[in-house]
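Quick heads-up: it's one chain on its own, the form predicted on its own, in structure tokens.
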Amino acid sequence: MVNPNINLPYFDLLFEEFGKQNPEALAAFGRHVHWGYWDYPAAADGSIADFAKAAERLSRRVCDAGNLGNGKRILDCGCGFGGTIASLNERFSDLELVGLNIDERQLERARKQVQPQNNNQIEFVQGNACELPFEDNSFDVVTAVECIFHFPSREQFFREVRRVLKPGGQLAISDFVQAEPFMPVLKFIGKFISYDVGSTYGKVDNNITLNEYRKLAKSTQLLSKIEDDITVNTLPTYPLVRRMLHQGKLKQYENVTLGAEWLSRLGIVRYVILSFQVS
């Protein structure tokens, strides 16, 4: 069932392509719906299979930043089709895994795709990441892979994460941050491209810098642990995504993605993995 209050055009497109049994869409985004990570970007071959492996690597890098291990209770916010939950389910044992998403359509697919193994428990819950429907001190780790820019408020999300994490618990995320010197220019440009971005990727708030993340962590009593700039390692994602959009004759989507690619290549927007710990 589609919630009229949720605007995620690219997920609408994915569901349309999945309904057509598009093999490339299913192979590229049927498990993970985020960028890929390449240890050696020059070795990326541009294939769907190569991208799918890279997307799995990115998910693992975020989770490893959260110091994950056997026997923990883990919340994955913005869980999409359950790709990060599936990865953890395959890698570790005796976990309590909870995937949270505001879009019930994504959760329906996740429930069908991801089944417990290795003595793990899995639950998918519909909810708002800024109003977490969980008790205080109830998780060891919270993750949010490339989705926090869709949330209503980063500050409220951090406060909710701080509330549900146990003492010593960790938050691990990946996000796009802006290089501080370019913030005024990007805000100005954003006024002219907000419609195209919104009608392609939905509500996106990338108006944050790495230093602002540090301040946010401090204000919510979280200690910054890891700051890993992986921009260069994600760059092979863009040509592949643009090629798929071009084949689908989705020129608007392609142009927005091309703009994002050049902002990354020029170092104006950076892709980072961050982790924080309850202080």
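Only a predicted model underlies this, so the values are computations on that prediction, with no experimental measurement involved. We number the residues from 1 along the sequence you see.
Quick note: we don't show the form predicted in complex with a small molecule, though the next part is all about it.
Undergrad: Quick check for you: of 95-103, 165-173, 134-142, 204-212, which stretch puts a non-hydrogen atom within 4.5 Å of the small molecule in the predicted bound form?
TA: After filtering at 4.5 Å, what remains is 95-103.
Undergrad: May I ask you to choose, among H150, R159, R73, R91, the residue with a heavy atom within 4.5 Å of the small molecule in the predicted bound form?
TA: Result of the distance check: H150.
Undergrad: So in the predicted bound form, is the small molecule close enough to I273 to count as touching (4.5 Å, heavy atoms)?
TA: No - in the predicted bound form, heavy atoms of I273 and the small molecule never come within 4.5 Å of each other.
Undergrad: Mark G127 yes when one of its heavy atoms lies within 4.5 Å of a heavy atom of the small molecule in the predicted bound form, and no otherwise.
TA: So G127 counts as contacting the small molecule.
Undergrad: Flag Y10 as yes or no: does it have a non-hydrogen atom within 4.5 angstroms of any non-hydrogen atom of the small molecule in the predicted bound form?
TA: Because a heavy atom of Y10 falls inside 4.5 Å of the small molecule in the predicted bound form, the answer is yes.
Undergrad: Should C79 be counted as a contact of the small molecule in the predicted bound form, where contact means heavy atoms within 4.5 Å?
TA: Answer yes; at least one heavy atom of C79 falls within 4.5 Å of the small molecule in the predicted bound form.
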